[in-house]
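Read the single chain below, which is given as structure tokens and is the form predicted alone.
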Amino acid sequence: MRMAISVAVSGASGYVGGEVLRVFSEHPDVEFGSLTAHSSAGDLLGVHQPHLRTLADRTIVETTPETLAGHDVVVLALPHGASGEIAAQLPAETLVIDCGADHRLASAEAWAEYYGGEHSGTWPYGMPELITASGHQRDSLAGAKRIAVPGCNVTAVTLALQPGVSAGVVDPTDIVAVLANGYSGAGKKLATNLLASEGLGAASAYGVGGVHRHIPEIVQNLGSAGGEDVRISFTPTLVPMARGILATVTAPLAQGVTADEVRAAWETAYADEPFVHLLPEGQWPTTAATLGANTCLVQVTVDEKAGRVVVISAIDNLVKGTAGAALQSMNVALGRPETTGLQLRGVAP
């Protein structure tokens, strides 16, 4: 008999918290306990997440260690810098999954440079597909009690390029990544540049010039995959869509490597991955094909004239980029089949 998994979600009124509730609701063993937040405590969840009809009459409670304790799993969907203090007060036997950035980076110096403040420590990294020196990151997640979910942009870039880095068919010292991002990645905060009147019909860059907080995490991941002296020019842009990331990632073709060898590296890397799919040659990823699904669609080609490998990847930033990665990692940590409760099918049109 399969045991139920009691799950508390902190930050339940935000975009990430709402997506965690939607995605985790599909897991046959999950039962929700406390749903918590700060300013919306006391409200019915349906006020903030009206699409979650089966949970609409649940009351949001204050986020405290007491309201989160006593569950098998606690998912923290809090702003960056807010998870560390709460997590430190939760029982060691509780599986805590942090959807924020607080525990992703191994380097305290990188945290201080890109986020500021005191580093909260490093947790096992919640990207099962990440290539590591010993195999894959899923091997380090089995039995884990603390998991740091990757950044959404990081997921798109890492899954795009890591096969080439691992196989040595690209030069990781000159990576260029340009991403088209949906507005939900910025959260629910009220800001002029996030208003529909500003965003509809417009595309705008942000975090330009090596300052975006996801850069050290990408470098960390590609280093894990075998890259030496990883250097990346990373430019995200906001485009008028609610969710999704389309990443265009290029790197120099390694000397003497053929286009067939390049494609073979991606085919080999993702042949057995349930959620990362290399598309048939000539078919290009679209964000629309990933909406609502825990999939990353990838295509790779060689620009012979430029001498560069070009990879396109597409994900739903709220699913494979966050909530889906959290559930996937929870499954691995608890010894459940990795795909349990997770969708491969997108929503179209």
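Keep in mind that what you see is a predicted model, and the values were worked out from it rather than measured. All residue numbers refer to positions in the sequence shown, first residue = 1.
Not on display, but discussed next: the form predicted together with a small molecule.
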Legend entry - Listed residue that, although the small molecule is not shown, lies within 4.5 Å of it in the predicted complex (heavy atoms), from 210, 187, 143, 240: 187
Legend entry - Heavy atom within 4.5 Å of the small molecule in the predicted complex - the one residue of 236, 100, 163, 227 that qualifies: 100
Legend entry - Contact check for 136, 269 and 299 against the small molecule in the predicted complex, heavy atom at 4.5 Å: no
Legend entry - the small molecule contact in the predicted complex: residue 321, any heavy atom under 4.5 Å: yes
Legend entry - Proximity of residue 169 to the small molecule in the predicted complex, heavy atoms at 4.5 Å: no
Legend entry - residue 313, heavy atom within 4.5 angstroms of the small molecule in the predicted complex: no
Legend entry - 4.5 Å heavy atom contact, residue 40 and the small molecule in the predicted complex: yes
Inset, instruction - Heavy atoms, 4.5 Å, the small molecule in the predicted complex: which of 280 to 288, 32 to 40, 305 to 313, 51 to 59 makes the cut? Say which one. - result: 32 to 40
